[in-house]
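Shown next as structure tokens: one chain only, the form predicted on its own.
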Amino acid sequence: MRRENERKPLVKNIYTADPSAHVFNGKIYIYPSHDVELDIPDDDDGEQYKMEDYHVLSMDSLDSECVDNGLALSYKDVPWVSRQMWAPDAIYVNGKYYLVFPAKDKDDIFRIGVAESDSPTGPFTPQENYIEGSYSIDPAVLLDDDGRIYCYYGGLWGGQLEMWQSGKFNPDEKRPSGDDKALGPMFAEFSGDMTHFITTPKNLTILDEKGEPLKASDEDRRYFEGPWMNKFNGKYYLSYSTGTTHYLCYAVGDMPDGPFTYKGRIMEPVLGWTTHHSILQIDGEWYIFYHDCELSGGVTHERCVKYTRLDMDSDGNIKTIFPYDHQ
């Protein structure tokens, strides 16, 4: 039986996307990006995604009204940011709530920053500088069972991930193609106080069923952006967007830094260019939060956050979701 709020825009007063959902103190909090209405053509660098601030959404339960808690952090509040505050995540450690977010620095290079608050809804106070050694977009943060904090991040094209293959930023770096090994997301471990990485960031590998790294040409399965990490029966589930082919897929590994073996699709394409998601367990059941462009009638940079149930069997296999079926 589908819940009344399932697969419907959770808020309509603003455009929201890229939802990172968490349960804190028995309540659901959603950390999305905030789309801005902008009449410019789409391009591969994402100039149409102008996002300038963050609002935190909250729900007492999956059946209750979703509330927009107002401005939590603006680019004007962050000393190192110039523009484009894209998909964030959040974590609760050390009695503080931390918002982990990407934005372009004064050199127009995407970096990852951290802001903190005593409240899950903010307002958040940013650290003076971005995390040293960070780059690209879409941070997802996992607080593991042993208390270690891992960050997964990175996105191709406008997310600039492929521009760092040499170890330095090069906007003219050749994109992997054909039989080249596909780039996976980046991985690093945060310090306990969320001020820096304590490991050198590294690129993760996603393998096919034969144990071979996925190729750049395998656009139905290879990583593009939007990583998320959750655990099930001691396994690490890396889920992500394929970007150009608009699927959400997942791969499974035994360690937080992989390697990960591709397992299948989580969700078929939504209305819009692509989607971006998070997965969490609520009251013993699994749910996926995602976005599409229903609210704007298909405008790719005017999106809305939704959720639906995620079916995972006892062996950890995920059933593919068709987002517009009527079951």
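Heads up: residue numbers just count along the shown sequence, starting at 1. On a predicted model such as this, the values are computed, not experimentally measured, just so you know.
Another form, the form predicted in complex with a small molecule, is not on view; read the next lines as being about it.
*Answer range among 166-174, 119-127, 205-213, 84-92 for contact with the small molecule, defined in the predicted bound form as heavy atoms within 4.5 Å*: Residues of 84-92 come within 4.5 Å of the partner.
_Thr274 versus the small molecule, in the predicted bound form: is there a non-hydrogen atom within 4.5 Å?_
Output for Thr274 is yes: heavy atoms within 4.5 Å of the small molecule.
*asked:* I'd like to check something about Cys249: if you look in the predicted bound form, is any of its heavy atoms closer than or equal to 4.5 Å to a heavy atom of the small molecule?
replied: Judged by the heavy-atom cut-off of 4.5 Å, Cys249 is well away from the small molecule in the predicted bound form.
*asked:* Please determine whether Ala103 contacts the small molecule in the predicted bound form, using a 4.5 Å cut-off between heavy atoms.
replied: The answer is no: Ala103 has no heavy atom within 4.5 Å of the small molecule.
*Using 4.5 Å between non-hydrogen atoms, is Val141 touching the small molecule in the predicted bound form?*
Val141: no contact with the small molecule in the predicted bound form.
*Contacting member of Met51, Met267, Ile288, Val56, with respect to the small molecule in the predicted bound form [4.5 Å, heavy atom]*: If I apply the 4.5 Å criterion carefully, the residue I get is Met51.
*Using heavy atoms only and a 4.5 Å cut-off, decide whether all three of Asp68, Ser278 and Lys306 touch the small molecule in the predicted bound form.*
Contact check failed for every one of Asp68, Ser278 and Lys306.
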